[in-house]
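Only one chain is given next, in structure tokens, and it is the form predicted alone.
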């Protein structure tokens, strides 16, 4: 039985993780950590009835007292970095879907995990369909190097562009070789109208209520366009990937970055 501690357990993604782990054979919610809802039952807060697991704010104590094996983190970038460090120091494997962690912090966390021999998974997107979308985009970029990325999220998302959009642009850039995308725009009438750029690839971020997580990659070629789109219409879409991460992280000895490392 894999003992899982959920950080950010009172948040929207945290509650979804509590529900998913509690109904998956072979794993259990051993602890729940959040700065809010202290003292509440994590299961009751997630809408599945009491689990006998009380939400607490003190991560290290929870990890040690529960003898947890895996920590699942969906918090904020500033909180997640310390949470991951604490987990590794406690020899607990982190499975992290929090985005916006600076690259230099990720490198340091990777170094620490290798030093301690503690595996982990940090992924910008745990939706398996989104991982496939990025993979297909990499294939398309070999033949249609002109591409733009449009990502759409709910209006409470605190970072832009999304981690998935940035990762997608990196994959496209790595697969299209020396080819570049021509942009004949000479007059920009409104700052930001053409989006941001990463490796000459335009990324556009949309934030609206009613959205969850969506992304479209549009490729253009001579007389043709190709669109590759993925839509998460509920947060349940991320749970198969999270459960996969919890299971496979037990076999790892260092942090891997991206769910694709577990799929392909």
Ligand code: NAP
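Positions refer to the first chain, counted from 1. All values reported here derive from a predicted model rather than from experimental measurement.
The discussion below concerns the form predicted together with the ligand, not included here.
- Here the marked residues 35, 83 and 98 all reach the ligand in the predicted bound form, each with a heavy atom within 4.5 angstroms.
- Residue 159 is the only one of 105, 170, 159, 148 with a heavy atom lying within 4.5 Å of the ligand in the predicted bound form.
- Scanning 140, 166, 79, 132 against the ligand in the predicted bound form with a 4.5 Å heavy atom cut-off leaves one residue, 79.
- Listed stretches are 67-75, 172-180, 186-194, 109-117; the contact stretch with the ligand in the predicted bound form is 67-75, by a heavy atom cutoff of 4.5 Å.
- In the predicted bound form, the ligand sits within 4.5 Å of a heavy atom belonging to residue 123.
- Taking the partner from elsewhere, residue 238 is found to have a heavy atom lying within 4.5 Å of the ligand in the predicted bound form.
- A residue is said to contact a partner when one of its heavy atoms sits within 4.5 Å of a partner heavy atom; residue 10 meets this definition for the ligand in the predicted bound form.
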